[in-house]
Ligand SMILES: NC(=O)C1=CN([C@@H]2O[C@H](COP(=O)(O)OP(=O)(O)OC[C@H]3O[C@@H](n4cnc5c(N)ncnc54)[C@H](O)[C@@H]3O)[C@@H](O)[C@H]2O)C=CC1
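There is one chain below, alone, in structure tokens, taken in the form predicted alone.
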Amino acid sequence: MSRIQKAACIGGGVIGGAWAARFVLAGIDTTILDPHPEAERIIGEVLANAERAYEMLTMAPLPPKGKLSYAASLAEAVAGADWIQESVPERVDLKRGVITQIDAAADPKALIGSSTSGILPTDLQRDMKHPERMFVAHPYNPVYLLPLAELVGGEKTSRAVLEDAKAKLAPIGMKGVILNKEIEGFVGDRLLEALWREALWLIKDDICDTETLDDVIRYSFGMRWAQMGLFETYRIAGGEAGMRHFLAQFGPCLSWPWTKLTDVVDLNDELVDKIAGQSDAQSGARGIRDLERIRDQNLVGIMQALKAGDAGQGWGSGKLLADFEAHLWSSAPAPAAADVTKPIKLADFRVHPSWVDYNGHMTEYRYSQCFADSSDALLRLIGVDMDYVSAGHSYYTVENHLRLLDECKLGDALSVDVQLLPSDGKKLHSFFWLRRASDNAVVATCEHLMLHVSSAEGKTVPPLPAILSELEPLLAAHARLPLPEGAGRHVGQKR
């Protein structure tokens, strides 16, 4: 898979800093150039929020973080970079000048992407010596979580460059969409601009306040858009007759005099004060960093829910997350050889905000998630990976017994160990301990039974020889260990 080896971010504001976080968490060394006197503090806070979000987003093993460094000059920033992302303020003369300087200083083969929200790439590449490698890579905030980048070429951009950029975004969990033609505002911002303009009129005319308008979006069509977009949503609205029926039924509405989309509201001082005041009343009690963390937590929840959609195959951004996790697992280094003379450590976890309930304690199903993810880690240890599953074999859970022994609280570091109990391979019987790192206390145990199955045959079968060769030495070694306390215990039985 085509990969970014080294990245440079020219401009480290809201967008540039989040690009840097996306690169660094993908294991890519990244250099930032930003003249702001507090750039390191600001970008450090963005990276901290991104790391927190990724802890909630996935249990897949992220690569070692890339090195984040700060350059004193543009030439220093782009040296050795094969992806350079420009994110300076949205002025065509400024952006064009910076991109021209990047072009002169960078490796001629390096890709140059601009984060512009609407400036045509043809205008930006005008003075470049190597304009064929420059394009718009327009992301959405927060870049480290929202996976889309609109890829837009100018008159001199090579199509091969756009395809290369799309390929290079995939390993960092992003989806590049290539637009057929350049147009001001591209696709996303033209849609947003239409909604934004209408929203401003609704506030100006006192139809509603900012909180009511946001509620209309987030409790209705915003939820549909998050997983199915616009046209597929309306296809469903057309019933069994589909899109043709929808257009026939609702198309005439487009000519009704409802909208002010082509009439621009005057953002005078009075309207600015009105909007700002309502916005302060709506959410001013929370700081920006607090709102960012709430936003990130909600986005993670939506993406996790979408990952479980379509019968576990994933849907929308959830499918992209599932593909990203599969890439992370396939790219992870092989685990160190386990010491089979004792229970094997399988996984580490940390209790983050989305895991706790109203009492501040980890919710019950998160204990189960820790054990389920650890069961997957055990299977990977013996070679039952995605390729094995794709070939038609897997282990299915048929029974488990979970004991909750102590409370886990926000921020607790946890780990899971496993001991294999007498099994024949076709049946895999194991016992897990969930421990709190601060005092090594056992907070939960899980006795777990899985059966090896052939998906094609729909029945239990022995595992293939390659799996048995990994499993049998573990079973033999663990057979010499004492039976864990709690193993074989029925529900309600006292210690």
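Note that the coordinates shown come from a computational prediction; the quantities given were computed from them, not determined experimentally. One rule holds for the numbers: they count along the sequence shown, beginning at 1.
Another form exists, predicted in complex with this ligand; not displayed. Remarks below refer to it.
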{"item": "Option touching this ligand, based on a heavy atom within 4.5 Å in the model of the complex, out of Pro139, Gly318, Gly173, Pro131", "value": "Pro139"}
{"item": "Contact residue in the model of the complex, chosen from Ala347, Leu421, Val98, Val351 - any heavy atom within 4.5 Å of this ligand", "value": "Val98"}
{"item": "is_contact(Lys459, this ligand) in the model of the complex, heavy atom dist at most 4.5 Å", "value": "no"}
{"item": "Partner contact for Arg41 in the model of the complex: this ligand, 4.5 angstroms, heavy atom", "value": "no"}
{"item": "Proximity of Leu151 to this ligand in the model of the complex, heavy atoms at 4.5 Å", "value": "no"}
{"item": "Close approach of Thr116 to this ligand in the model of the complex, 4.5 Å, heavy atom", "value": "yes"}
{"item": "Heavy atom contact within 4.5 Å of this ligand in the model of the complex, the stretch among 216-224, 85-93, 361-369, 332-340", "value": "85-93"}
{"item": "Those residues of 8-22 which, in the model of the complex, come within 4.5 Å of this ligand by heavy atom", "value": "Ile10, Gly11, Gly12, Gly13, Val14, Ile15, Gly16"}
